[in-house]
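To begin, one chain is listed below as structure tokens, in the form predicted on its own.
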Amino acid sequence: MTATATLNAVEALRRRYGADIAGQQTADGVPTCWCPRARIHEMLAYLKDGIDAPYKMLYDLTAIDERMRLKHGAVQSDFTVVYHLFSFERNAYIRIKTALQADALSVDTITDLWPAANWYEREVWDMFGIRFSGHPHLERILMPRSWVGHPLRKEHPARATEMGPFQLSPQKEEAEQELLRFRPEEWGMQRGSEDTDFIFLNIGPQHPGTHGVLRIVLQLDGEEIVDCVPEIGFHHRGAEKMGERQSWHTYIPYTDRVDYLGGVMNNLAYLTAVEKLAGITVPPRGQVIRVMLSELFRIISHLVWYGTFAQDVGQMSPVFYTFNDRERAFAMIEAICGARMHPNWFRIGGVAADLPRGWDGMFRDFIRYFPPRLAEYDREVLRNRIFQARTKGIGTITKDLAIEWGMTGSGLRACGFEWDFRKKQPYSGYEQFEFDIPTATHGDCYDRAVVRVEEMRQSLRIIEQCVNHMPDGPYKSDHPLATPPVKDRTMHDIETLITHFLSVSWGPVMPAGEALGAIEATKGNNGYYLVSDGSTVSYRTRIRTPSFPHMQMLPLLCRGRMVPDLLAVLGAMDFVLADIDR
């Protein structure tokens, strides 16, 4: 969609709402409007269903504690609720904000507009203490129910050293255990119907089928799933809070640990936003190196999913083969970056170092080796009749419903929707590469598997183009905010030496502003929304992960199925708990 069409959305809002709309310029160019609290529901409903080429997806919903901000936006507020919407017809985001004062921290819920808003609003309540009037179940979602305070408020401690030592008395332990007791009535569930009593089955948080610390409570009528409640937060580590106390540069390793199977892919999402704030252009060689390693990590992540998904539905052998191939890929990562799962290798403005001698030979060997392995896995897994019986027709969803719930990535493409942000909104030079967007038609567990397997082949195509056409030149920008700064003139004079020392020790000072960096990550769209007030640290770091909205869909995908189908749905989802909880 053209820039004119994006502008028309703002003009349409101003024509409809007049003086109630205040615009704001941002570093990322995303149209940004402020709306009065009393009209936010009406305005979002118009953007979803009333405007031409509507914004059908609630991409993200978060908040900002503005009380310590040195340079505010267009409107003064104590807290700001921020809505990011996405229109596939326009191929554009829009950012809607509403200002709240500390003595009136409430706004209308939008769960009647987007079902995906349920968890996002619970998270904002949990982290900031902002209430959403009309929300069906406004309870904590990441923190324990007994937690005191709201962690993303500025007065909340950011380090354990700012709090007293933790003590677990027998009385406290008993109280915490009681709070974990599942009470169906709190979730609007009945314990029985006219002719049957329902069973409530607890799965997790320690269960191999949940792929991490996830608790799921199933409401069962015999073996049929009537409903289920996913309980998250066991893996919550405060990654967004950490972003407020780490410099723009030293926060990069923390991103590795969000989707811990995605490696440098996490760095790329974060740095895309940072470089928009700073106005940095990465040189071509740096861009291609980033693409090559990101696509290798896409293959690495998908190999973990492939083997464990087959294991979830009863096959024991494939996981050993896929993990062996993953080790081959990790050997290449280690040779270039010096580390494996968490290489922390991308930098503001490029990458940490140039490629070592012999790098291309390793990649060419892998390019020859991997396609026959994928063909073998197709025979062992995708064509296996038991695997097909366990996955075909299970967890089916339509394209429109997937968009309503915020699904992106392979799951959305499995519904027949040819959408990949690498092609639709190219970043890091992806527009230079030839690759296809794999799709399927049924939107079930099997089709999600088919799409991901083909994505590995397309990633290999991209890697081969990187190897064959790696440009010469610098691997990092010479922009003064790039880190570590270029050292060519460090010893030329004392002023340059001091600047270099400060840039390395304190980190760069980013211009005041805000930016969203969103990429096609291994599990869907991963976005970092960063707010700077002109300091060496981020004022607000928001991480929009794909696994968070995907896990919220679990009840929708499981109702009416059998208990074994739950494991197929979870396996096909391809989630990481740290990607959900952050």
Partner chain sequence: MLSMIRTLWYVLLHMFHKRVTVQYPEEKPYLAPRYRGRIILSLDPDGGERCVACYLCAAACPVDCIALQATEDATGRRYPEFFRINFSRCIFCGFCEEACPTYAIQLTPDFEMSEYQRPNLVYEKKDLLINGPGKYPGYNFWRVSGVQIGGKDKGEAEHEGRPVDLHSLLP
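In this text, rigid core is short for the largest set of C-alphas that superpose within 1.5 Å between two forms. From a predicted model like this one, the values you see are computed outputs, not experimental measurements. Numbering follows the first chain given and starts at 1.
The same protein also has a form predicted in complex with its partner chain, omitted here; what follows describes it.
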Does the 4.5 Å heavy atom contact test between residue 443 and its partner chain in the predicted complex come out positive?
-> no
Give a yes/no on whether residue 321 approaches its partner chain to within 4.5 Å in the predicted complex, heavy atoms considered.
-> yes
Answer for residue 137 alone: is it within 4.5 Å of its partner chain in the predicted complex, judged on heavy atom distances?
-> no
So, in the predicted complex, is residue 379 in contact with its partner chain at a 4.5 angstroms heavy atom limit?
-> yes
With the partner removed from view, which of 429-437, 137-145, 334-342, 274-282 is the stretch that lies within 4.5 Å of its partner chain in the predicted complex, judged by heavy atom distances?
-> 334-342
Contact assignment for its partner chain in the predicted complex, among 326, 373, 122, 235, heavy atom within 4.5 Å | 373
212, 151, 129, 253: which sits within 4.5 Å of its partner chain in the predicted complex by any heavy atom?
-> 253
At a 4.5 angstroms cut-off on non-hydrogen atoms, which residues of 352-368 are near its partner chain in the predicted complex? List them in order.
-> 352, 353, 354, 355, 356
Take the rigid core as the frame of reference and indicate whether the C-alpha of residue 362 shifts by 2 Å or more between the shown form and the other one.
-> no
Superposing on the rigid core, does the Cα of residue 491 end up 2 Å or more away between the shown form and the other one?
-> yes
